[in-house]
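Quick setup: one chain, the form predicted on its own, written in structure tokens, and binding and motion questions come after.
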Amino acid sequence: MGAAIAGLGMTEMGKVYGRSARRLAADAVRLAAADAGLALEELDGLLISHGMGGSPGIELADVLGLRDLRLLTVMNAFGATAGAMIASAAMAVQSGSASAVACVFADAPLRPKVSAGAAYDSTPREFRGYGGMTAAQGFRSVNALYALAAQRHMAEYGTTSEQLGAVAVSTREWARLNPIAQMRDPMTTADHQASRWVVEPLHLLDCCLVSNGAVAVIVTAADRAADLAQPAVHILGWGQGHPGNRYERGSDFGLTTGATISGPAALKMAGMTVADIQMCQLYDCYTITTLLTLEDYGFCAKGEGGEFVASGALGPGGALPTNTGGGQLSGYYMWGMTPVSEAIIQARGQAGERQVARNETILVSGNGGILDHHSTLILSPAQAGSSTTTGR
């Protein structure tokens, strides 16, 4: 028995004030259930992704009035959580542990009259132990550590800032076609190069947005999903990878990610190779994350990611449409639910002006920590074994 995503609920995204993360999460679950054509009381599972801005806990079940649940927990692999939640929900459905599981992420770090850059820094951090050593060298933020990763890739393979800019530009081209994307103004490579440094070599336009909002999905059995309100999005494969890199001599930090582990596992489960994938929805907290992930999945050789992203492959009309809703760089930042939500919209054929013609095989990634955790999903509008689920 296969599993499928039957419902998608999305609140407003961006500078949405006046609602807590808990309230946003509850709204998203209600929207997802309604989207699927299910009553709330038909849900018997609830998985909650932990965020940074006061995310809800298991009390969300009470807020929603859910009773007699058979599955309820908070999960946290940072940005890899969405993929891990959906895989767990699929396994619960397939084992009979639950029959309809809501998976939700919500966050509300933005506050009125406070900069987006300060959204996650409201509480002074205390550095101890190994973290104190890296902090003493100036690595006190996520930005600094991703900049270190980008710098290492540049030093090892000759990747350029302009190539990283190609990721940002292609993603903005997609965002311009998405009415709910936060950033829709045109962007050129020159704009990317002219944007201010955040931490060199990362410009402002190499970095993701900060958003308030929530996204929820409903996972149920494939045969049940076929009778519900929306086209079923089948979950054909999944995997996780946690490389455990440290920032020390001999580590592969900045050169590889957990996609090298989770990608082959998910593709094998789906009975595919990377050549079968027609579209990617990747976790793009920074442009370097997209580039690294593409290399690690095998869409290009290691070290050739810069040339690949600069070839135009990722944008509208490209050979490998990627982050077609604008991703987290230009669309909205809902951790791993950003790529998941766009994959569902594309698989359903509901993306409007940005709809990609070939949507049978979609690879979705999640990335958490500083390239520490990774999840992969293979989604499709067709069930496993269908002739339409293979071939780019």
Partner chain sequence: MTPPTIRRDGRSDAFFDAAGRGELVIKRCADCAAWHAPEASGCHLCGGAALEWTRASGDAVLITWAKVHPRGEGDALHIAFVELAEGPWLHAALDGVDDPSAGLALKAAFVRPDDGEPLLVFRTA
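All values derive from a computational prediction rather than experimental measurement. Positions refer to the first chain, counted from 1. Note that the rigid core is defined as the largest set of C-alphas that superpose within 1.5 Å between two forms.
The same protein has a further form, the form predicted together with the partner chain, not shown here; the description that follows concerns it.
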query: Taking heavy atoms and a 4.5 Å cut-off, does K113 contact the partner chain in the predicted bound form?
result: no
query: How about Q137: is it within 4.5 Å of the partner chain in the predicted bound form, going by heavy atoms?
result: yes
message: Against the partner chain in the predicted bound form, would A155 count as a contact residue? Criterion: heavy atoms within 4.5 Å.
response: yes
- prompt: Contact between F253 and the partner chain in the predicted bound form at 4.5 Å, heavy atoms?
  reply: yes
message: the partner chain is absent from this chain, but in the predicted bound form, do G132, Q151 and R246 each have a non-hydrogen atom within 4.5 Å of it?
response: yes
message: Give me the residue from A147, A222, A77, A87 that has a heavy atom within 4.5 Å of the partner chain in the predicted bound form.
response: A147
- prompt: Between the options A100, I277, V199, M183, which residue brings a heavy atom to within 4.5 Å of the partner chain in the predicted bound form?
  reply: V199
message: Quick check for you: of 189-197, 293-301, 316-324, 101-109, which stretch puts a non-hydrogen atom within 4.5 Å of the partner chain in the predicted bound form?
response: 189-197
message: Under the 4.5 Å heavy atom criterion, name the residues of 313-349 that approach the partner chain in the predicted bound form, in sequence order.
response: none
task: Note yes or no: does the Cα of A136 move by 2 Å or more between the shown form and the other one after the core is superposed?
output: yes
